[in-house]
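One chain follows as structure tokens, the form predicted alone.
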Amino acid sequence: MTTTIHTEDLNVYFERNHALIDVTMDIQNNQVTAVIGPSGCGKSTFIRCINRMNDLIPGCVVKGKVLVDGEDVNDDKVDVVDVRRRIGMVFQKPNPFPKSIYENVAYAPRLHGVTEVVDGKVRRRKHTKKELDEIVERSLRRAALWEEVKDRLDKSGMSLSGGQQQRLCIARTLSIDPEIILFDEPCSALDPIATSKIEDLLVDLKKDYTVIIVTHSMQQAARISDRTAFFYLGKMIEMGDTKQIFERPQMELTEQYITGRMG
């Protein structure tokens, strides 16, 4: 299995708080990787390093390497906008734009446009209406939402249920063809039925994308992930195949967390 993401001696500081400590790990292509651990252990900070979302937090300092397909995303020459296009993120709370369902999905493709090579020259042009229509339908289908909203694309994204809003946010992420999708506790605010739909979707998405999910639910990690990483107090304690982590953990801290003797 090809490694998509490799971190090496990754450290993150928020002023006096050493949030991530010497994290070295590999995340493999076309798998669901779950990141588990108690609150405040660095799970969300870790995935935010992958697409440089921590850059938006004043006082944050990142040291070490985050290699995506061999390229260090923290290199000064890297285009941060391109990093966030290639590595999409879905947050804990659904955050649709105050726009129509259609415009929520079409917004990013319309903003980025299309890059083409014509007569040996690179140029950027706007999407046609037909192209945008195709992107919107394809993204909503991929997010398992098209059949529920195809007759009301002009309605506000805010009018959807919580679970539908989260799938709309996933469709919005898919609209610009990322390679990797990061999920930061995407089901924490959803009911069990909506959670089940999101989980089914994540398992399906790994056919085409590398998926990383931060979750407080060990049951969720066990259900949908191929590999699991356990974080504690800013350190990555153990990582392995999900079945092994839950049935035969190698580290005592992992076993204590899995069995509920530490939290």
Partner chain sequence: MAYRLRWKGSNRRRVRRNVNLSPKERAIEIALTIATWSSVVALGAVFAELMLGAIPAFLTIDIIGFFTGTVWNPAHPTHPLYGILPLFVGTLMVSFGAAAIAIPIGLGCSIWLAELASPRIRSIFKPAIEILAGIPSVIFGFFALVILSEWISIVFDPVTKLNALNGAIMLAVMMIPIMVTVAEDAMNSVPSSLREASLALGATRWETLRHVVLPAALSGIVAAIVLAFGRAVGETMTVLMATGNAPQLTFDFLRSVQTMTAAIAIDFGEVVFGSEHYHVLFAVGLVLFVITFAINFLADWVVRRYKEDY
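No experiment lies behind these values; they were computed from the predicted model shown. Residue numbers count along the first chain shown, from 1.
Just so you know, the form predicted in complex with its partner chain exists too; it's not on screen, but the next bit is about it.
Contact with its partner chain in the predicted bound form, judged by any heavy atom within 4.5 Å, is made by just one of I237, L67, V62, L205: V62. With the partner omitted here, the residue from D75, D151, E116, D119 that has a non-hydrogen atom within 4.5 angstroms of its partner chain in the predicted bound form is D75.
Taking non-hydrogen atoms only, S161 never approaches its partner chain to within 4.5 angstroms in the predicted bound form. When its partner chain is considered in the predicted bound form, E15 lines it closely, a heavy atom lying within 4.5 Å. Contact annotation for R52: at least one heavy atom lies within 4.5 Å of its partner chain in the predicted bound form. The closest non-hydrogen atom of L233 lies beyond 4.5 Å of its partner chain in the predicted bound form. Per the 4.5 Å heavy atom criterion, its partner chain in the predicted bound form is contacted by stretch 80-88, the sole one of 189-197, 125-133, 141-149, 80-88. For the stretch 36-65, the set of residues having any non-hydrogen atom within 4.5 angstroms of its partner chain in the predicted bound form comprises G40, K43, S44, T45, R48, R52, N54, D55, L56, I57, P58, G59, C60, V62, in sequence order.
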